[in-house]
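Only one chain comes next, encoded as structure tokens, the form predicted on its own.
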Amino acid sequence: MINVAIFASGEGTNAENLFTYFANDTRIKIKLVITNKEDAGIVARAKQHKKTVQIVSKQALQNYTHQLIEFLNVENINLIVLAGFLLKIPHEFVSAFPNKIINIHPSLLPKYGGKGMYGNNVHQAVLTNNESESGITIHFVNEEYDKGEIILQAKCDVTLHDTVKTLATKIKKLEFDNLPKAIEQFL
């Protein structure tokens, strides 16, 4: 059994998709959720699905990394999924879970990655640069923002009529369809 911890900062739609997708899977258990925002939408979604939620502030993530690593080890966490988690993961944390932390990014990396490139910021950059395609990248996390080994990418067309909102909708569908597949690949 693979025990998964989801780290999220926002609404938690990708996390909820995973809760539902793996609800009856005997190989993968979404065991807990870590968030840095106690008022984030992920908190209500996780509680609705009876998932344990831990609030970890930015300061705690930086200053008490060792304790968080210990906690995840006690919980027998085998895989960490960053699903809209907006804090940089400390080097010590990455070292403690080599090739066991995956991130979903809303662009075709290496384009539009790095600090500040998340959500609508990415979609706006794609549109501003008149890209003909966009997509998602699911990758392992290393010490640099969005530079880890790519697990999978999925693409969508960008049309002249796309807006940030319509592009975000296309990207969300790719995320919902492909993040569970990436986790299954981890098996």
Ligand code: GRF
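Note that residue numbering begins at 1 and tracks the sequence as displayed. Quick caveat: nothing in here was measured; it's all calculated off a predicted structure.
The protein also exists as the form predicted together with the ligand; that form is not presented, and the subsequent description refers to it.
E11 within 4.5 Å of the ligand in the predicted complex, heavy atoms: Flag for E11 set to yes.
Heavy atom of I77 within 4.5 Å of the ligand in the predicted complex: The answer is no: I77 has no heavy atom within 4.5 Å of the ligand.
Contact flag, I101 vs the ligand in the predicted complex, heavy atom cut 4.5 Å: It does not: once the ligand is placed as it appears in the predicted complex, I101 has no heavy atom within 4.5 Å of it.
Contact test in the predicted complex: K173 vs the ligand, heavy atoms, 4.5 Å: Output for K173 is no: heavy atoms all beyond 4.5 Å of the ligand.
Within 79-98, the residues that have a heavy atom no more than 4.5 Å from the ligand in the predicted complex: The stretch touches the partner through A83, G84.
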